[in-house]
Ligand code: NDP
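The chain that follows stands alone, in the form predicted alone, written as structure tokens.
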Amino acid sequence: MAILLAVTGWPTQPWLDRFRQHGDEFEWVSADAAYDPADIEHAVVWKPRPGLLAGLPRLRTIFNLGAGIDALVADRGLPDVPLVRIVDPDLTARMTEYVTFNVLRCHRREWEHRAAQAERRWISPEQPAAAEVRVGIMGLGTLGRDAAEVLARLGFRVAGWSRSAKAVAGIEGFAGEAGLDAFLARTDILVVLLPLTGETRGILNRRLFAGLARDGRLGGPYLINAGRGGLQVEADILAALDDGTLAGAVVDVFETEPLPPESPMWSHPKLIVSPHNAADSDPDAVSRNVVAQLRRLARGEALEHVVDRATGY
């Protein structure tokens, strides 16, 4: 049995070294080198070349080296074998750090202070307490739940919205199309951690932004998208920032990545861009996670975190 490592956009060798270190009982091969497709039973991938996996006749399992699977399922030749996503404490902690950091940026009025510093003005804008600020998290999976719990401990009034009802202690819950408008209307800072599916593509649009709270203590609503680039309509984000529908935005994911140099998102004064690094996959943590799953298979146990292709997560 051989395990194929196929990654795009990341240096292959450090990943291969970690997998060989943490799973030395397995045979690891790289898609960058010669291999026999008939030897491959498992594939560990990140944005592999379309059609690559279809050429592996004995493939049993696909492990995706990140939380988002949309690049994989877009491959029409994707084999019908279990697709496993990464759910790891390291990845969860990194995302919670990112969300918390940027919620605090919005709460503590970073945009106003940046502008004042550039003009050498000493300002004292009103600073509401966390308990007066309403954070809404779209997506209450592992990442969303953890971020919600941390923000609630900091004192924010946190609510969550998901496709189906989910109960998180201390977090107000909304679900489905019926609950979306009420969720938006009570939200000052919108955090988006949704998966990309047919239902969520383009959901971050002009209509949704217009539904956010207009009566909050921050002077207008803020957007933080660390989910997937396909969730957002980028022209609508820019227009909403221009006319005040959004007071500010932090965006980590984009329709086209890397973000093209000519994109107006780079230079908009109310927009903070980060290069899809909210929860970078750490080779050590993720390789241990995948190896643990392979050992489960070797013991005849069921895989964890298998994607439901019908829902997309």
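Residue numbers run from 1 along the displayed sequence. In this text, all values refer to a predicted model and were calculated from it rather than measured experimentally.
The form predicted in complex with the named molecule exists for this protein as well; it is not shown, and the discussion that follows is about that form.
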- Message: Within 4.5 Å, heavy atoms only, one stretch in 190-198, 211-219, 111-119, 239-247 touches the named molecule in the model of the complex. Which?
- Response: 190-198
- Is there a heavy atom of residue 162 no more than 4.5 Å from a heavy atom of the named molecule in the model of the complex? yes
- Message: So in the model of the complex, is the named molecule close enough to residue 179 to count as touching (4.5 Å, heavy atoms)?
- Response: no
- Message: Check residue 48 for me: does it contact the named molecule in the model of the complex (non-hydrogen atoms, 4.5 angstroms)?
- Response: no
- Query: Is residue 142 close enough to touch the named molecule in the model of the complex, meaning at least one heavy atom pair within 4.5 Å?
  - Reply: yes
- Query: Of the residues 95, 233, 171, 83, which one places a heavy atom within 4.5 Å of the named molecule in the model of the complex?
  - Reply: 95
- Of 72, 133, 184, 91, which residue is found within 4.5 angstroms of the named molecule in the model of the complex when only non-hydrogen atoms are counted? 91
- Across 215-240, which residues bring a heavy atom to within 4.5 Å of the named molecule in the model of the complex? 226, 227, 228
